[in-house]
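What follows is a single chain, given as structure tokens, in the form predicted alone.
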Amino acid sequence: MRPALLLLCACLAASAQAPYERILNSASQPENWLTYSGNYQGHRFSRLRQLTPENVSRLQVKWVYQFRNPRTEVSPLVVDGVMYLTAPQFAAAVDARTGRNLWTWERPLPADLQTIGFDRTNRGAAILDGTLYVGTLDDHLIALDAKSGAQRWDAQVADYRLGHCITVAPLAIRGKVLIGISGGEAGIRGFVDAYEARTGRRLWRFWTIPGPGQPGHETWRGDDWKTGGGSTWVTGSYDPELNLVFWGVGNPGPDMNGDVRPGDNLYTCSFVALDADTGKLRWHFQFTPHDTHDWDSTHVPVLIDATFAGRPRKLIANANRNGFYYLLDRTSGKFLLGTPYAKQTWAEGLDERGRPRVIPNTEPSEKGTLVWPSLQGGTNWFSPSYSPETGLFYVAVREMGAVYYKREANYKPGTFFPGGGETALSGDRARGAVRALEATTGKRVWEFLLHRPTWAGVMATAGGLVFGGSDEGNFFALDARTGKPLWDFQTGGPITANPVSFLVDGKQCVAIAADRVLLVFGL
């Protein structure tokens, strides 16, 4: 490496500082992408305006980064010209101008590790001050020096031999790093943890499946709560004014056989609002009580400040895996609105409390029951986007039904515990779409149809664009107000990730992971 390039790399790495106040005020510095969703509110919205419907057709690949692992799901961070990337047991800092490596970190994978019910993946990192935080498949939260990649501390979160894994990007707030857990198909007991950012000391744990004496425990029978699931494998959101962290909770265990766990099974398939200082539950809202279709509510909670019913409200929006779009009051968790946004055949609607009016005979059965959506949901883990400029909520939709089966469920630690399965209706009976919903009503404004259901998230920009991707490898840009297609690029591999945007040398770029590569585009 030439001396001048060495100096450039050193300067880039030395500038990577992201104090809490800077992340809090990320709207004032859209040249960076400082947290998983771009801001604490979960918007995945870029305030950059250089790319517009008039010029987006001129986008070209600027550089690519090659991963070892297929179907990469990472959402990169960008801080002052340094991009931070992750993959399973791996992290790297690269020059956002060229993709050149500044440093890499790796951790060996235990030979006996199994991922039960999900792929070996990692969705990203968190940064706070000068430290990068990464979760590992063998259940460690690692703190790395953002300048050098040197390991600062290592906190063991759980035991991978019982089916736990960390695939989620952490959430860093003032003085704390929060992390969730995967493993709902292995009969784990889910949780959200908070660790002291400086030392790695665990500060609190919120169990998503309440134990004896805890509120909600009465929704479980006997010892069912011990294998209740409730994983937390997608990053949450944060409201600093309320000092509340909002996190989505996954399916109960076993997935499809509800006979062995009668009751609502709190707090599965819920959003929970937690006091950021203590982890104490302030409120919860359960989208699918007694879920038997694997409809995790592990979505990014989208926090919106808008007028609803004639007055300003602090809202939380969610296009749920169960096929309904919801609005809640985020100060109290009160249900405000719910309407289908994707095909669903399991509920007649929602009552005044937001509880579904379930259609009889839609439970999984031994001979099979046909229901929309499939267990992959009307949407899944990948991010939606909210634009405060258009007032629209953008979501990638999966239109697919499935025949659900119920089977005997026998729990054995560290093994698959589904209690059934599904046969999805693929081929001509399945499709995908990007849909724009009016955020305060759920009304569909436009849709852009896809040939197949997608696994890619979306990102809106202040320049009037929405970026998304497809399982066939197309990365595309749509007009944010009309849905009109404006540009696309064939990446050569399936896109199962979320876009981000940032500035390089004063010019707006967009990045997306596609299979084994990360591609960066610019004019």
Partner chain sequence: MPLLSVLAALALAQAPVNEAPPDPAQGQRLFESQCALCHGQDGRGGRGPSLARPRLKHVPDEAALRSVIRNGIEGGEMPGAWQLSPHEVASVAAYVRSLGTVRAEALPGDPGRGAKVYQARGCGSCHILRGEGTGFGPDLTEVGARRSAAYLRQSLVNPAAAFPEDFLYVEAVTSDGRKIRGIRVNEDSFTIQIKDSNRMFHSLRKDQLRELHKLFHESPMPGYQALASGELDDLVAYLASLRGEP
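Positions refer to the first chain, counted from 1. The structure displayed is predicted, hence computed values, not measured ones.
Although not depicted, the form predicted together with its partner chain is the subject of the following passage.
K.L.:
Note which of 331, 339, 376, 98 lies within 4.5 Å of its partner chain in the predicted bound form, where distance is taken over heavy atoms; exactly one does.
P.N.:
None of the others qualify; the residue that does is 376.
K.L.:
Ok, 372, 204, 153, 118: which has a heavy atom sitting within 4.5 Å of its partner chain in the predicted bound form?
P.N.:
So the residue touching its partner chain in the predicted bound form, by this definition, is 118.
K.L.:
Would 256, 450 and 470 all count as contacting its partner chain in the predicted bound form, using a 4.5 Å heavy atom cut-off?
P.N.:
Yes: each residue has a heavy atom within 4.5 Å of the partner.
K.L.:
In the predicted bound form, does residue 401 come within 4.5 Å of its partner chain, counting heavy atoms only?
P.N.:
No, no contact at 4.5 Å.
K.L.:
Would residue 221 show up as a contact with its partner chain in the predicted bound form if we use heavy atoms at 4.5 Å?
P.N.:
Heavy-atom contact with its partner chain at 4.5 Å: absent for residue 221.
K.L.:
Does residue 476 reach its partner chain in the predicted bound form if we count a contact as any heavy atom within 4.5 Å?
P.N.:
Yes.
K.L.:
Can you tell me whether residue 55 touches its partner chain? I mean in the predicted bound form, with a 4.5 angstroms heavy atom cut-off.
P.N.:
Contact check for residue 55: no, nothing within 4.5 Å of its partner chain in the predicted bound form.
K.L.:
Only one of 301-309, 258-266, 422-430, 89-97 gets a heavy atom within 4.5 Å of its partner chain in the predicted bound form; which is it?
P.N.:
Selected range: 422-430.
K.L.:
Within 4.5 Å of its partner chain in the predicted bound form, which residues of 185-199 have a heavy atom? Give them in sequence order, or say none.
P.N.:
Counting only heavy atoms within 4.5 Å of its partner chain in the predicted bound form, the single contacting residue of 185-199 is 185.
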